[in-house]
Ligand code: LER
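We begin with a single chain expressed as structure tokens, specifically the form predicted alone.
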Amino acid sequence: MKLATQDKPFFPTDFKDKFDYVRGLGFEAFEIDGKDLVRNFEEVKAASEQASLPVVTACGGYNGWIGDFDEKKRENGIREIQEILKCLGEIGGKGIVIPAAWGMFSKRLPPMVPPRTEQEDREVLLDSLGKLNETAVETDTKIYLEPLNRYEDYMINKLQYAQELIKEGNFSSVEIIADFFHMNIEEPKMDESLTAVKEQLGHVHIADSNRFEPGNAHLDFLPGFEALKQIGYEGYLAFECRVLGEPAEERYAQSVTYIKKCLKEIGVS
């Protein structure tokens, strides 16, 4: 397992300096905002090559969710994700992280009754994923479908449901991304949930229980990491978190050291 990171406010703005800095922190790859990749493709490509730091995944950077209530927004989101996939394919990236939606609706907050039925949700998601799967096949990339917690979305909250959608659609290039922060809320036993989706698991996000950097709060990463080891996961652990405290650079570096220590405890170097 290797470590990757998303961008942070305290990283340098120039991509060459940014990637050198990221490698200096101990990361082995970068997870980029999709809009940054498309808008600055040549600069990103050159910086990645010069720093020997691969851009493995994209996350965000498009307007419109694959499960959007607004059909025009959904179609726009699909088009922009397809463009990001094309750029990822050209740069040697693995794929893009996408949830069904984020912040659009929650059954845990008023009015609690969504404007679509569960069957209608399923049909919309299968349609969106089918279109994106075709582009992923063409570009040799992956769609990493992300379950979010019940307060941030209502359509896909658990790894199992993402697995069911992938199987129902028979999607060859759609896989699951497991996010430890969301799993800490939704999955009764994180290790068992990871093991149950081992055939479809393609990517992992990590953050502590408060969504800040790993090691900051009370989440126990060892059972999840041990499960990943046992199922033979050799992909990336991408830090998707805010950083608590100052100086942020030091706190983030300490978090990298902490995660590497956790991996060493389970016998992963």
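Residue numbers run from 1 along the displayed sequence. Since the model is a prediction, treat every value here as computed from it, not as a measurement.
Another form, the form predicted together with this ligand, is not on view; read the next lines as being about it.
When you look in the model of the complex, the only residue of Glu187, Asp179, Asp121, Asp191 with a non-hydrogen atom within 4.5 Å of this ligand is Asp179. Checked against this ligand in the model of the complex, the candidates Glu152, Glu134, Glu168, Glu80 yield a single residue with a heavy atom inside 4.5 Å, and that residue is Glu152.
Heavy atoms within 4.5 Å of this ligand in the model of the complex are found in one stretch of 159-167, 80-88, 109-117, 96-104, which is 96-104.
Interface membership of Asp68, defined by any non-hydrogen atom within 4.5 Å of this ligand in the model of the complex, is ruled out.
At the 4.5 Å threshold, heavy atoms of Glu240 reach this ligand in the model of the complex. For the chain shown alone, Val38 is not a contact residue for this ligand in the model of the complex, no non-hydrogen atom being within 4.5 angstroms. In the model of the complex, no heavy atom of Ala196 sits within 4.5 Å of this ligand. Residues of 201-216 lying near this ligand in the model of the complex, listed in sequence order, are His205, Arg211, the criterion being any heavy atom within 4.5 Å.
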